[in-house]
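As a starting point, one isolated chain is supplied in structure tokens, in the form predicted on its own.
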């Protein structure tokens, strides 16, 4: 049954796209085939998030730890990312704002230029924010932000006692965005894997026993309905 109209509008969601390799292995295929299928699902779920009028959705596409995977697999993922960058220009006319989270400096220069261009061209859009985390790690994000604050203190622009949760949030990749209402992880795993460590401090967690390449719009509906049964108290009663 389709999600009731309005049940997802305005939500902020983080999605850990997991299980591509296992999906391929179960079918006797190379791991790159799993990533190709996962990329197709990624594109469809982006469209659906638009239709649901989410405030934002953050997709964990490639972590700082993923560089340790076999070179063939890394190259395959980077090729798929390059294809996504070409497609991402379409989001400008759909009123989406696209933001890339992570350290983009190790990526090919062409990709960096495209990422900067896409962000600039969609910056004023007011629809769903599409965050794509590439070469991203939650700990690395915090270290990056702390260094910025330390530089401001050394420059006399900021006093240590002025640093608070809002100050820290302002130097993260997601500056100016709301924290996720819930983090979704398909594939049956039950961990954050260095994803949005600061932003997820009060997020609900929804785990689903479905590999990402098999993930459907109906699965996202189920995840949102599960979230809507939760009572969020933020430490209160």
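Keep in mind it's a predicted model, so treat the numbers as computed, not measured. Residue numbers count along the first chain shown, from 1.
We do not show the form predicted together with a small molecule, though everything after this point is about it.
S.K.: Which one, 169, 36, 50, 66, lies within 4.5 Å of the small molecule in the model of the complex by heavy atoms?
M.R.: None of the other options qualify; the answer is 66.
S.K.: Would 17, 21 and 191 all count as contacting the small molecule in the model of the complex, using a 4.5 Å heavy atom cut-off?
M.R.: Verified in the model of the complex; spot residues all in contact, yes.
S.K.: Taking the small molecule as it sits in the model of the complex, is residue 77 in contact with it (heavy atom to heavy atom, 4.5 Å or less)?
M.R.: Answer yes; at least one heavy atom of residue 77 falls within 4.5 Å of the small molecule in the model of the complex.
S.K.: Do residue 119 and the small molecule come within 4.5 Å of each other in the model of the complex, heavy atoms counted?
M.R.: Residue 119: no, not in contact with the small molecule in the model of the complex.
S.K.: Spell out, yes or no, whether the shortest heavy atom distance between residue 73 and the small molecule in the model of the complex is within 4.5 Å.
M.R.: Within the cut-off, so yes.
S.K.: How about residue 42: is it within 4.5 Å of the small molecule in the model of the complex, going by heavy atoms?
M.R.: No, residue 42 is distant from the partner.
S.K.: Using a 4.5 Å heavy atom cut-off, indicate which stretch of 197-205, 50-58, 183-191, 169-177 touches the small molecule in the model of the complex.
M.R.: Answer to the contact question: 183-191.
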